[in-house]
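Read the single chain below, which is given as structure tokens and is the form predicted alone.
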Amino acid sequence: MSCVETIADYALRSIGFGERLLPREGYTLCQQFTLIGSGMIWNIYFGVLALCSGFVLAVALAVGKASANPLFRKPAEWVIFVFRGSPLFIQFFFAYLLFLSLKNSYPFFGAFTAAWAGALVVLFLNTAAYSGEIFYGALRSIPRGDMEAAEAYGITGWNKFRRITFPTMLRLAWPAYTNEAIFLFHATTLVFFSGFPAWQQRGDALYYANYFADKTFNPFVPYPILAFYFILLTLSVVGLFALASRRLNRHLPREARQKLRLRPNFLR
């Protein structure tokens, strides 16, 4: 089988298109690059949807935690504490058991026993909790003079939040939020190694890398390929967030703009 035929058969296998069976012999470099790259579709799916939906909840959690009203502050504090205080792998495990038990009484939850929905919920809540704490810190760091100047111009309430508080919060939080986005994409590799099963061997990039490592007894080929794909993904995320950062800081003088640097979190 040529490399072109391999790509045609396996490029979209992770989402159900192409060859049904995984390679049983040969395990060529082309097969490994193609299948691991196919699995990256799931990593991108989980990362993009969790990041976009989690952003909205993160802003709500940050505003709730900064609120003087305990009805808003306490729930936000507990959500952030629970999802930041427990390992992501354990969250996947317990979420799968919860959805599995609810499935018997409420068939609606049957869809959430599959990774595409259940794992997405866990990633959504997890990144919202971490991002909410980042945004909360940014809210606390907004210069008081900015708020006083807005009130002096008669800008209050929702207009003040929309035009002053929210943009300033984003500008201050963006470097740390970029690191959270990178970590989230890396964390998607835990999905199919937690409680959520890979249906018909349709897993993510790490799932296929582990398959080839088990079959060839040589982890020094598939895992570097996996790292290569994630380095490309990380560079793409950094590039997109750098463009957004430039947009957020467009009103500042060029010399005062904070440059976005890649600072990976080695400990979490």
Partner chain sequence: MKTILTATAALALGTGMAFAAEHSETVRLGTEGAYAPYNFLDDNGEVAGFERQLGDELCARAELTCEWVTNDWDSIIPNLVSGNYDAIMAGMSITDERDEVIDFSDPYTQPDPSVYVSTMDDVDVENAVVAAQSGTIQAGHVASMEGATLVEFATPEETVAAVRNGEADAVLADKAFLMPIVENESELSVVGDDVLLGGGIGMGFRESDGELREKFNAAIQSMKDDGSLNALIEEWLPDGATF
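Only a predicted model underlies this, so the values are computations on that prediction, with no experimental measurement involved. Positions refer to the first chain, counted from 1.
Not pictured, yet referred to below: the form predicted in complex with the partner chain.
> Counting only non-hydrogen atoms and a 4.5 Å threshold, tell me whether Leu21, Tyr96 and Phe193 all contact the partner chain in the model of the complex.
Every residue of the candidate spot has a heavy atom within 4.5 Å of the partner chain in the model of the complex.
> So which of Phe33, Phe55, Tyr27, Tyr45 gets a non-hydrogen atom within 4.5 Å of the partner chain in the model of the complex?
Exactly one listed residue reaches within 4.5 Å, namely Tyr27.
> Would Leu100 count as touching the partner chain in the model of the complex under a 4.5 Å heavy atom rule?
Judged by the heavy-atom cut-off of 4.5 Å, Leu100 is in contact with the partner chain in the model of the complex.
> Indicate whether Ala198 is a 4.5 Å heavy atom neighbour of the partner chain in the model of the complex.
Flag for Ala198 set to yes.
> Quick check on Phe212: any heavy atom within 4.5 Å of the partner chain in the model of the complex?
No, Phe212 sits far enough from the partner chain in the model of the complex that none of its heavy atoms falls within 4.5 Å.
> With a 4.5 Å heavy atom cut-off, would you call Thr165 a contact of the partner chain in the model of the complex?
Output for Thr165 is no: heavy atoms all beyond 4.5 Å of the partner chain.
> Partner absent here, but in the model of the complex, which of 66 to 74, 239 to 247, 45 to 53, 215 to 223 has residues with a heavy atom within 4.5 Å of the partner chain?
The contacting stretch is 215 to 223.
> Taking the partner chain in the model of the complex, which residues of 105 to 142 have any heavy atom within 4.5 Å of it?
If the 4.5 Å heavy-atom criterion is applied to the partner chain in the model of the complex, 105 to 142 yields only Thr113.
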